[in-house]
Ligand code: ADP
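Form predicted on its own, single chain, as structure tokens, below.
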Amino acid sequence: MNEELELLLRDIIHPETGSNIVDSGFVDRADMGDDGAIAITLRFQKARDPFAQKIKHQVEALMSERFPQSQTMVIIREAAPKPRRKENITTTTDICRVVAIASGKGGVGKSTVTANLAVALRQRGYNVGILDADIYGPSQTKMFGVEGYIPEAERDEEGNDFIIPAQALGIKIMSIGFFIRPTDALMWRGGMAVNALHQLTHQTRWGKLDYLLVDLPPGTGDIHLSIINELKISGAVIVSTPQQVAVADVVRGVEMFRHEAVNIPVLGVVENMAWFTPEELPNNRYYLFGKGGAKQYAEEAGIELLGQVPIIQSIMEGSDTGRPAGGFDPRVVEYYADIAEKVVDKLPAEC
């Protein structure tokens, strides 16, 4: 590049970058021949840059003023297009089994069951991940104490971006909670939530997983249908409390998975908060939310009862402090180890 021409072109500012066109990388060539002819090539990053013609006229006027006897030719070119990204690219190809954790209604401890079941599977030596698909009420970030994690992105040679999940207790975790503040009200329409979930599902660097647990939102809706379409789900675990109002909602959840258009095996039901036993009265059981409602429904519907988990203080405390109790309280470990064993036995041993 001719040094004199380069110095002159630094006087021309691109309105969008606020910098001169040389430093902004828009001058591809600036040469002056032995006969005084000037050839300048401007290469813009944007297709049809709105300022391209204006800058071209500025360059021509500047050259005409400085070199009135010279012939000036200014050519505009666009940057070479970036390679197109592959369509339908996904990072889920190395996931062996996908287990949906669902509930008919909120407040039954579905996310708590998801977290502790993940820990129990990890303790059995499996590679485990959690996709927090509860877009409107993500809680896995708090369950595992990774609320402050800021996901980094990686880009491959073809220009595809991938998100690095958080890791806690050897479990990979991805949640919309990493991308919003805890105080934010997520007022998204269904389509926006589905698009966000698509990105979390297919752009997270899951790597090789034996189990991916999907923490679904309560009820049935767009998110559930999206997950069913996005992932090959191996089976579903339904979480309920013993009370009849919770069990009534479980029926709808089970029927969604059993629907002929969905046809996903229901692995079983977990009855959460089944009873309460005070530490000072270890032989007493108090059925605060009714007795055995989910167990009775499982028997009537021909679904296995995977386990009954009582109210244990460490489960609540562990969820609040980011340490799932299934990782340190022997009482909790016992219940979830049994549930994990049943889930493993119901799914294919090989992928």
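The model shown is predicted, which means the values in this text are computed figures rather than measured ones. Note that residue numbering follows the sequence shown and begins at 1.
Not on display, but discussed next: the form predicted in complex with this ligand.
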Is the gap between M273 and this ligand in the predicted complex 4.5 Å or less for some heavy atom pair? yes
Is there a heavy atom of G107 no more than 4.5 Å from a heavy atom of this ligand in the predicted complex? yes
Tell me, yes or no, whether S319 is in contact with this ligand in the predicted complex, where a contact means a heavy atom of each within 4.5 Å. yes
At the 4.5 Å heavy atom threshold, is A118 in contact with this ligand in the predicted complex? no
Heavy atoms, 4.5 Å, this ligand in the predicted complex: which of 59 to 67, 33 to 41, 280 to 288, 308 to 316 makes the cut? Say which one. 308 to 316
